[in-house]
Each structure stands twice: as C-alpha cells, then as structure tokens.
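Coming up is one lone chain in structure tokens, specifically the form predicted alone.
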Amino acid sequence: MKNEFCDKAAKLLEERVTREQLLAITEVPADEKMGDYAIPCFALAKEQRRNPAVIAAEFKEILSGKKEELAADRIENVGGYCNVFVDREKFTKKCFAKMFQENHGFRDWGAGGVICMDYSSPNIAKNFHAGHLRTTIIGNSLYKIFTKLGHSVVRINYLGDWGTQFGKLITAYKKWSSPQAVEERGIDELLDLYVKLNAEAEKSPELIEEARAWFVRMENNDPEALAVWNWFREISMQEFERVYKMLDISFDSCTGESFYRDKVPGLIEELRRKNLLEESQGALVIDLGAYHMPPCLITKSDGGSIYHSRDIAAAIDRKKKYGFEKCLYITGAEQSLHFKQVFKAVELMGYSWADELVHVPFGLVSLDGAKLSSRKGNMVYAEDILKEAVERAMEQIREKNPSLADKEDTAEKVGVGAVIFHDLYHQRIKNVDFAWEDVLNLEGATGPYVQYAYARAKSILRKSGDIVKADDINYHKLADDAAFSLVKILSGYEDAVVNAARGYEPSVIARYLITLTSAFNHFYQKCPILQAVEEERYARILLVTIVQDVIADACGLLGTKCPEEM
C-alpha cells in the first residue's frame, strides 16, 4: 500500500513535497528496525539546497501530529531519513478489508481505456519455435495485467504471413516437393524446404530472383500463387493452435500482414500527397536522415510491399478501428530500429497519436547457450519443450507423490507453468538461457516453488475446515514479526501489479511471488497454525486464506495455474 501511504503523506506535508516525489523516494526497508516506510530526504535536500536531516526532522514533526491519518504507531528521524512505523493491528485490518473487496480492492487505473497488444505473431510455414514462446508468454501476461487494472485490451496475433519468404517457399515447393509430401509431413516439410532454399541460394543466387518473382505474383493476386500460400497458411494455423491450447492462450484478432496488402496503395498515395516519399534505386522510401535513421522502405524496387509499409497501414487501421490509448508491439529487441522507423513515419504523416505506439522489446532465448535460427535449421520447437516439461513434471510426481489424484492435470499445470515462470522471472530485455535443471527445480526462484507454496496453503485450509471471516478475528494475533512481514508483502500486491504495467515488466510480479511465497514458508515454519489456540488459529487461518488467494491471482497474471495438490 505504498501508493496509498504516499497519497496521504503528500497531502499532510502539503507544498514541501509532491506525491510523485514521495513515490520516487519512499522505500519499504528490508530491516523492520528502519520502519515500515522510510523517506530518505537526500534528493530533496539537493534540490532545495538544504540539510537532509533538517528536512527529515520537519517531516517527522508534521507527520507525528497526524499519526491517526497515517495509521502510524510512531515516527522517527535518523539522519536524513524519516521512518514511519505503522500500527500493525490497524494496518493488517485495513489490508485484509481491501483483499476481500472485488478485484482485491484495486483502483480502476485503466478506467476502460483501450490498449492494443501485438504479440506472438509467428511466421506462417515455420514451426512455432522456442523463440516465439517469449513474445507469446510476455504478451499474454501483459494482457492479463492491464485487464486487471481496468483496461480493455485487444489481443492481436499479427501473423507473419506475407513477404518474399513465401516466394522462397513456393519456389522450393515447386522444385523439390509434392502435394503428397506436404500432406504427410505438414509443417516439417515446409520448414525443411525453407532451409534447403536458403542453403541452395548461396550456390545458385538465381533462386532468390525466382522467389521474388513468385512473391510479386502473390502481390498481384495470381490465383496459383495465392492457392499455394493459403494451403501453407492453413497447415501452419493448425500447428500454432496446438501450442496456444497448451498455453491456454487466445486472441481477439488473428489478421496477418496479408490483410494489409491492399491498403498499401492507399498508404503510398497518402505519403505522396504529404510529400514524404522519395525514390531510391527504384524503391520508394521516407528519408529519415534528419533523425539519424536509415530510410524507411515503403516499396521494394520490384514494387512489392515491405514490413514497414504494412506495419504503418496496420497502425492507422487499428487506431481507426479501436481508438486505442496505446498500441504495444511485443517483439525482439533486434526489431527496435524497425519500430523507430515506423513510429517516426506515422509521426511525419501528421498523426498526433504516434507517441501512443510503444515497442516492448525483449532479449533472445537460447538453449544451453545456442542461439535459435530457422534459416540454418537449428531449431527447438515450443510444443516439444512444453511436452517435455509436462513429462518431466510427471516423473517427479510419480517419484515423490505416486498416490496423487489426477496426476495428468497436475503435471500439465506444473510443467507448462514452470516454462512460463522461468521466462517471466527474467527481466524481459535480458537474454534467457533455458536449462531444465533451473526450470523444474522445487527450490529457488521457480514456478514449482510458488505452486508448492500454494498447494501447502490449500492443504492447511482443507485440514482446518474452518470458515473464518475478517470481522471475527483478533488482529493483535498477527502482530508478530513473521505474520506481519507476510501482511506487509500482501499489502504491496497492487503496487507490484501497477509497477509491472508501468514498466511492461511481468518479472515484477514473478519476483513478487517469490518474495510472498518465501515469507509464507517462513511464517509456516515459525508460527503453528492448526495446532495454535483458538484466536491465533483463526487469525492465522485467515492469513493463509488470503495468501493462497493472492498466489493464485498473481500466478494467473503470469498465465500459470496452481494445482490443489503436488
């Protein structure tokens, strides 16, 4: 509840500090001896050219006279810090009251505003590989986070279903394959053909020209070219749907780049009208030299459209269709320049909403340090990873809890959840190296560790059989250090979700979950629950009830599920 504390403290301190300044500097100390909230005054002192200790002393004097409004027990200043110690009983009661409200008492931060999210977006005629898992998992989590905060989110799967690569694929199919081979092998045949074409083209460059010619035929609505392309597209969608089903992910729109091919001529006309187009070696470009960027390519020298032109057309169409307040593009960091060019082009076209377009980049994923590349064929498929994770989870269940009911469902939740959590625990901009010994470990910062804490909490509640209401407990029984430390972490749930949204960073919630479950396990070890006397038992049961609810909710925001038993 740091946000609420800063709201109230800023009003009490009036013109001495703004809410934004307090939010930026206020800390929740790890050492409870330093208070429950600490306001370091050093940044303010530098800005005001005053002694930080003097400012801290002023803050202490003002806030001490308003302890009731802050629900504070006492306020101290040590050097340049003003430290606030809350009244534990009042704080816990307020925290619990909020947790039992609808949506955990979260404020309607989004107020119904529309956010478009462009994520997953696999390429047609290629297997859904491990690299695609990152955009899919991150995007799905951000969708859930922003939805919880009151936004209306449009989930867009912008399929890579247009471009010269399909000319390559048709060329390879015509030369080295057959309808029977494609029907029998499906996506594997298409991927092998793509890899073979790229390898052969290094020896026979004329294959690339042939591929370009096929793509131009696609652009010109040639029936033969479009029939083959549509066939490959259907095969690919069946492949993708299996992965989405395992991840329990769906979309509101699955239109690909092909949807915008007939909108590119209108875009070109608009760019001409606004004097933004230049010719360069037969291609049409927008000169971005003044902004220290290469030209933004609109059409190639053969007249074909390109990623830039289709993405610009898509952005304009989405704004008209959805009226978004933000449109997020969740793609690899290697595409940063591309989106800078696209966003700048939209701005130069005179659209005031260009600053609502946001690239949310993420790092590469590798397996045992090997970078993934479909051009060279060294590819690990997402479906294989998810299936192996489920199989490994099943092996652990058979070994450690062979009598567990519904093993298959639990193994799926643990296996798939482990893969998702491992990805989201890392800051999205960082590269992720996937190693099984890290992913499915029951100890440490892993999905199974979090799920096991949830299962432990559910077990306690099943054994207790108690139905406890917030109005029926003695809050003084939760004032000890282990219990109150857990309460404070629970009170920070909304702050964690808001911070995750502001930074487009699901790792904030994954790390919050590790902090919460670690504190819960400490509480479990320190404080008897089922064996406690009546008042302590009821208070602790209610605390466990809230903990398991928040764990399940936060896991849901990551896209993972919690088994009742493990």
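In this text, residue numbers run from 1 along the sequence as written. All of these numbers come straight from a predicted model, not from anything done at the bench.
A second form of this protein, the form predicted together with a small molecule, is not displayed here; the remarks below concern that form.
### Query
Heavy atom within 4.5 Å of the small molecule in the predicted bound form: which of F166, Y454, F232, Y158?
The residue in contact is Y158.
### Task
Note which of N123, Q396, S258, S366 lies within 4.5 Å of the small molecule in the predicted bound form, where distance is taken over heavy atoms; exactly one does.
Looking at the other structure, the residue within range turns out to be N123.
### Task
Give a yes or no for T331: in the predicted bound form, does one of its heavy atoms lie within 4.5 Å of a heavy atom belonging to the small molecule?
Output for T331 is yes: heavy atoms within 4.5 Å of the small molecule.
### Query
With the partner left out of view, is H338 within 4.5 angstroms of the small molecule in the predicted bound form by any non-hydrogen atom?
Result yes; H338 sits at the interface with the small molecule in the predicted bound form.
### Task
Find out whether any non-hydrogen atom of D311 is located within 4.5 angstroms of the small molecule in the predicted bound form, and reply yes or no.
Yes, D311 lies within 4.5 Å of the small molecule in the predicted bound form.
### Query
Hey, in the predicted bound form, does E494 get a heavy atom within 4.5 angstroms of the small molecule?
Result no; E494 lies far from the small molecule in the predicted bound form.
### Task
Pick the stretch from 380-388, 224-232, 158-166, 277-285 whose residues have a heavy atom within 4.5 Å of the small molecule in the predicted bound form.
After filtering at 4.5 Å, what remains is 158-166.
### Query
Does the trio F5, E58 and K67 actually contact the small molecule in the predicted bound form, every residue with a heavy atom within 4.5 Å?
None of them does, since no heavy atom lies within 4.5 Å of the partner.
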